[in-house]
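Just the one chain here, the form predicted on its own, laid out as structure tokens.
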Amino acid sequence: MTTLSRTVGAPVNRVEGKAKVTGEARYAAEFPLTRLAYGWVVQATIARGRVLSVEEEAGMRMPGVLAVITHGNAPRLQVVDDGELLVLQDEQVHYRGQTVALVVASTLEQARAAADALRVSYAAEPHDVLLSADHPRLYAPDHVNPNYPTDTLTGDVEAGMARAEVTVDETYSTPAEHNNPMEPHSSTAQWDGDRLTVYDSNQGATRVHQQLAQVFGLDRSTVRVLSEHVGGGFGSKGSARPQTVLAAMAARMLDRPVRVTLSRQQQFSMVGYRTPTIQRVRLGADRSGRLAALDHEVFEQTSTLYEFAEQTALFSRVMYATPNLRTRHRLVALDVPTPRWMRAPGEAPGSFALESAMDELAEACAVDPIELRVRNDAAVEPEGGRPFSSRNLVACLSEGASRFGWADRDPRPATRRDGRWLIGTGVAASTYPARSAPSTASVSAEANGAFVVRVTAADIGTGARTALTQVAADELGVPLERVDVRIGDSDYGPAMIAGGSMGMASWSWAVVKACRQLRADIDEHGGVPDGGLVARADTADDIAAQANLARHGFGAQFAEVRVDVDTGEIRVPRLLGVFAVGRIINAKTARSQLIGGMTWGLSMALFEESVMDAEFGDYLNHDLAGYHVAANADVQGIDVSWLDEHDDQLNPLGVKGIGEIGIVGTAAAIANAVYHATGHRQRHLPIRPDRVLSP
């Protein structure tokens, strides 16, 4: 086999693009199945208490209804750690919006009509749904997501603060925010005896496959999960959700395929969200701005069903050199749905607090905000002392400053004005872990000259299928057209989910290893025999043998804002991000991912906020009419670039994940720019007009 021109790094169009624009691509709710029935979820209308009764018989009399499944007649499930999956197992209500029944009918319309008419009686109990920094039930969880220490301490923070010449001690907050992927969560299940097949919208068929086997007490060989195309996930589809279990449960009871698709409103209580945070950040430094102490304490919430502790202070364990560093997380279990992953969990809210505090420190020390970050750049990981595999934060700041025109900035706040608009600029730093997880892949050489790659990856809109095609084509030395990458099928073997910015780094490692083995096998056989050849790879041992290094991507975010002095309206005419994220596989989809992350950061800064009603016990704005996200008119000029970074301590391709780092730091850069424009500090997100006008 001869090596052709390489495609890794090129701006290749999506290989599935035509299928998507023509409607040929099938999503979870589009697989045609014989005798398909439809389920509709009935949700609790109290925040805490018990279900007393469900008028099942009345529901069954509705047209087309096949079953009304409640805690009284639902099959018993196996006990698993994730209590959210143990649907309809008892009469307890843990939060408003929890599943209390499933109506199954011949059509979707019939199921929804019957669900709306179903009468459920409750015994309500007093509920508690509000997070506070002095909540009496706050506790220290055993660990924070996914398995980081809850608290860390290096040096003596209090002594460092006492010796500091300049201090910052402020509290920052971020609200609950909800994932809203374009494709709603949907699962279609069918049984063939004891064999379960599920068509599911998820970020990793392997994880859903494992969870379904556990909850139904099945051998994993009897479960198959398919997720061919996914219309967004952002963390909310990182594992099985209640509708997946409900579909499988109903299909088994009725002995026919059942599809359960959540409405937009139902997603606000059933698939996770970003926890609200209250963050106290204390910084101590000398007059030149060099840190003597950093203390980052976080308060956040979880549910009473399943503990999820977001790693919000993790950002501070990585960013800046200081001899005295302390991070802490405290959690309270409330009568609310379980928070889960949401794009850059931990780093997104954590960066807002620390990068805002760093801006405040720069002002207090009369040091340029970029220079302050450069002076505190870390040669080794601040929290653990491990060397970095690569760290190009300073280079990102320098390149960004040049591209943005930072040198022309007047550092004085509230000095630039254009008519009724105040103008300001701000900067913040970004980081995100660069990790890989064990994965498997196989590559087959077909007698007709084609190559088929099979890996249980997920393409949630990121372009993963295309990038893997580029990787395989280069490793095999063949044109892209000869490579067929097949993903989203748990039968292909275990693989990492599309999450934690670990997907491509993990899958590409397995694909590279399998391709190299296949090439060796072809050379050994003197070509491809009539029956073809197959090579399989597993990276578990490779990843376990990695050196003990701190692996991270870094970046710098720059923002220009315009603030209306009369209305408090904020416009963002310019955003710039410069990143050092290892080797880029596809320049076109990478740029799209980074722009998408920065757009979300803008949305986080100015719009996104789930509003809890304490008496009602639920988020009031649980749809896209009330939950505001950035729209086309809000997103103006966004520019992204990346450094040519080579890091051979990561994986065979030197890949760092890019799906999440784009959102990290964006909100802080915008908040810092708003301060520069107005002279008033914004420490609470979102930066609404009323907060601008009443600082």
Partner chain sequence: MREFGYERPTQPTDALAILGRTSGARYLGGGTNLVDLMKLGVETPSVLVDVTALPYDVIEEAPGGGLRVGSCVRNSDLAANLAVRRRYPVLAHAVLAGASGQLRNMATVGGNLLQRTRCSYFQDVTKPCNKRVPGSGCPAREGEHHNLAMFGASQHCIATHPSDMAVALAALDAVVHVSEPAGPREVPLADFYRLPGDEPQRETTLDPGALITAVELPALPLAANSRYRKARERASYAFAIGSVAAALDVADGVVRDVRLALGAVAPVPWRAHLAEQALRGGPATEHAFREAADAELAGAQPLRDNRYKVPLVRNLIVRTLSDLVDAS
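Residue numbers count along the first chain shown, from 1. Owing to the predicted nature of the structure, the values given are computational and were not obtained by experimental measurement.
The same protein has a further form, the form predicted in complex with its partner chain, not shown here; the description that follows concerns it.
4.5 Å heavy atom contact with its partner chain in the model of the complex for all of E16, V79 and R536: Not one of the three qualifies.
Selected contact from L33, L66, V629, L643, since only one has a non-hydrogen atom within 4.5 angstroms of its partner chain in the model of the complex: Contact check passes for V629.
Residue among R224, R571, R516, R435 with a heavy atom within 4.5 Å of its partner chain in the model of the complex: Of the candidates R224, R571, R516, R435, R571 is the one lying within 4.5 Å of its partner chain in the model of the complex.
Candidate stretches 310-318, 390-398, 612-620, 147-155 - the one whose heavy atoms come within 4.5 Å of its partner chain in the model of the complex: Flagged stretch: 612-620.
Any non-hydrogen atom of A450 within 4.5 angstroms of its partner chain in the model of the complex: It does not: once its partner chain is placed as it appears in the model of the complex, A450 has no heavy atom within 4.5 Å of it.
V565 within 4.5 Å of its partner chain in the model of the complex, heavy atoms: Taking the distances in the model of the complex, the answer for V565 is yes, it comes within 4.5 Å of its partner chain.
Touches its partner chain in the model of the complex: M182 (any heavy atom, 4.5 Å): No.
In the model of the complex, F216 touching its partner chain (heavy atom, 4.5 Å): It does not: once its partner chain is placed as it appears in the model of the complex, F216 has no heavy atom within 4.5 Å of it.
Contact set, 416-430 vs its partner chain in the model of the complex - heavy atom within 4.5 angstroms: Heavy-atom contacts within 4.5 Å come from R420 alone.
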